[in-house]
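First, one chain by itself in structure tokens, the form predicted on its own.
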Amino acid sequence: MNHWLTAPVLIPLLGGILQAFMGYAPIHLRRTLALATTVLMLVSAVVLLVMANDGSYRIYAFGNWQPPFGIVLVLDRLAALMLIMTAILALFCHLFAIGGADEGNRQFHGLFLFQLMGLNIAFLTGDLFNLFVAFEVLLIASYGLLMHGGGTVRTVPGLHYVVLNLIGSAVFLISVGMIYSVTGTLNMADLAVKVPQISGEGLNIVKAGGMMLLVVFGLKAAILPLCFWLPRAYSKATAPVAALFAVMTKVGIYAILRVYLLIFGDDAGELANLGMDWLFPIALATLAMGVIGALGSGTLKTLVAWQVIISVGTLLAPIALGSQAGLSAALFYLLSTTWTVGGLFLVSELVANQRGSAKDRIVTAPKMQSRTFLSVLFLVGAVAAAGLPPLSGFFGKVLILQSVESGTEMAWLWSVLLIGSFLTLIAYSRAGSIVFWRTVDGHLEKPDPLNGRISVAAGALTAMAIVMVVLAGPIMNYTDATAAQLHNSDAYIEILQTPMVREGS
């Protein structure tokens, strides 16, 4: 059954290769293959979620090369959660894309699938260097996707995105080299054993490497002050690409969780909880910066892009405090915010297509067609994003607030999160009232009609905020179990330290 661990990697890989050879095939064939590939990836993610739900670890050693020397994939509850979250998001983004957003680039679907492959490798790998490789795979694909559609409006922010991530990749490689020079390994479980034993000059080298890794992961997650590239890049991307990119910042957060709970966790000796003292105030500052950006947004897509930064700060604050309850709450909110932001990007594109030259700018314009339908979708997304009852964002934020123990951290988190949520509500209320209800007399020339495919994709992804409320009990049970598993790293270390790890066993 452990061969299933390769499915989330092989399925998009094979689909992407086929897309490369089908560049001149009829577009309906390419779309059918792409959507079928994404559906198969979702099926594999569901299978792995069921497998991981028993609480055990499963590993796959490529070529039967034993850890710490070989490449291993590791499945636990966290990896399965990230896989299913990404697969659901990707399915609706892909469904929206084949409604017309994929036109003009024969390799759009191939790049889309290769990015999914990179994401899935990142979530499953048990090795720091292979995490670097996964980052490169998904980033190279994302460069092409970000430029999809062409024009200087995408080229300039795309160039900033490329340059910053190339710098991040270089720093990642240097930090990995520093850690390897002292420990002689990059296998995460092996590092968790060796890091507590380091002393002398090697301790400072590993500490520097660990802090540099935190900077790299912070860049991927878009924390302050490494977040200013994101709003412009995401707001200028095509809607399905921007919606898929909602998971990109979560890769950085996942890496922080995996590396700093396992390698630099409570049992890491002198390097225990490395960088966590800095992470909490930075998270609150990131949240505050995101709120300020949202209030000053001039377009719906820019507003949603700043919502990504708000969610990053909201997620990292309880993670930095290190409690099991806070981690469980953050994981629940992680699912909610990723799907909500993705849905809002898609809804913003539908609105832009209905408003003529006004597009998604937050200005008055003649009354659009399908105003009721689109305003309801926007309302659902905005309520979930702002954290109002009765949708999933509310439950996520309440869980985060309840997870903090009394003290200075509680005062800061409650104040920043509650005030930030109120101001976020104001930002969405302002945008919604102007775009949907403050109309002017006039006639829109040739508004793009809504078709069933893109409407279903946007509506279904937005409705995940409602689905999460219906399934809140099982989801919270799963996130509680995931947090408990992450805080008990001994089992992870033990299974990867066992000398008889067999390929597919």
Partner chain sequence: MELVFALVIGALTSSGVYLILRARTFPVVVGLTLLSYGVNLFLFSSGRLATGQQPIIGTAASYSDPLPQALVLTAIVIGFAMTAFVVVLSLRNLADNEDDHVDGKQPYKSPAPEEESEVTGK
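Bear in mind the structure is a predicted one, so any value in this text is a computation, not a measurement. Numbering follows the first chain given and starts at 1.
One more form of this protein exists, namely the form predicted in complex with its partner chain; it is left out here, but the text below deals with it.
Shown alone, this chain has one stretch from 415 to 423, 156 to 164, 265 to 273, 365 to 373 that lies within 4.5 Å of its partner chain in the predicted bound form by heavy atoms: 156 to 164.
When contacts are judged by a 4.5 Å heavy atom cut-off, residue 180 counts as touching its partner chain in the predicted bound form. In the predicted bound form, its partner chain sits within 4.5 Å of a heavy atom of residue 132.
Although the partner is absent from this view, residue 147 contacts its partner chain in the predicted bound form, with a non-hydrogen atom inside 4.5 angstroms. Taking the partner from the other structure, its partner chain in the predicted bound form has no heavy atom within 4.5 Å of any heavy atom of residue 103. Contact annotation: of the candidates 288, 193, 203, 173, the single residue with a non-hydrogen atom within 4.5 angstroms of its partner chain in the predicted bound form is 173. This chain lacks the partner; the member of 211, 292, 388, 140 within 4.5 angstroms of its partner chain in the predicted bound form by a non-hydrogen atom is 140.
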